[in-house]
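Below sits a lone chain in structure tokens, taken as the form predicted alone.
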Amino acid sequence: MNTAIILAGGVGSRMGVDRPKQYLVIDEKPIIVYCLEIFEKHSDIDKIVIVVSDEWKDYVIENVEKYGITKVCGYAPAGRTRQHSIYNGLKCTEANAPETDVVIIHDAARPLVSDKIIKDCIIGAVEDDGAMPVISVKDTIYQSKDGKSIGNLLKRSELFAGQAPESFDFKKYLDIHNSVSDDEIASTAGSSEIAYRHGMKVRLVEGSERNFKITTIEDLETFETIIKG
């Protein structure tokens, strides 16, 4: 059984708008709903857990019911960091969908993920311990400690930009979170980072430029153009 954890607890402060980006309405539908509909319709997804702040929980529940999202089995509170939110989602999954084999973690503000990426991530978690979509880095990347001078040259062909969703063997991933310190959870930048540190094998699968996260006004305009086009 596969359970999707949808992260919808972010505040979206970089957008400069009056609500978190995942709740902005595009073509009469909140962005989070576009994301939820993809997982609702995907044949490999059995259950959905939504991580949401208390302030927006009623709004999310209202839209889940309005748009017929039937796979939602639980709601988890947003944490003080993204990884804390993930941990809350894992605990909610354990309580409401304990038979889960693979958990797949996705951002509500990334509403154009393809069915293929979801499937590839699930297969990766079954055959290895986890999987994440990546895209090649197009620009030359330089490392610098002070931001003023080049500290190290990096080989572009060996660099990849991570996307979501990220999928994992549920029990192994939950066990890691149960065993590590709160400080380690807080310092984790990406979902796969903590898995890799603790010996899980994470497969890289092909991502897509279309699978972007809505972070800026320009991203929002691009999404709106795609939806209306």
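If you superpose the two forms and keep the largest set of C-alpha atoms that fall within 1.5 Å, you have the rigid core. All values reported here derive from a predicted model rather than from experimental measurement. In this text, residue numbers run from 1 along the sequence as written.
Below, we refer to the form predicted in complex with a further copy of the same chain, which is not included among the displayed structures.
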item	value
Candidate from L204, V180, A186, I61 lying within 4.5 Å of a further copy of the same chain in the predicted complex - any heavy atom	L204
Partner contact for S114 in the predicted complex: a further copy of the same chain, 4.5 angstroms, heavy atom	no
Exercise: P98 in contact with a further copy of the same chain in the predicted complex, heavy atom 4.5 Å	no
Contact label in the predicted complex: E193 to a further copy of the same chain, heavy atom within 4.5 Å	yes
Contact flag, I104 vs a further copy of the same chain in the predicted complex, heavy atom cut 4.5 Å	no
Heavy atom of each of I45, I69 and V72 within 4.5 Å of a further copy of the same chain in the predicted complex	no
Answer range among 72-80, 89-97, 118-126, 155-163 for contact with a further copy of the same chain, defined in the predicted complex as heavy atoms within 4.5 Å	155-163
Residues in 126-148 with any heavy atom within 4.5 Å of a further copy of the same chain in the predicted complex	M132, V137, D139, T140, I141, Y142, Q143, S144, K145, G147, K148
Did S144 shift 2 Å or more between this form and the one not shown, C-alpha, core superposed	yes
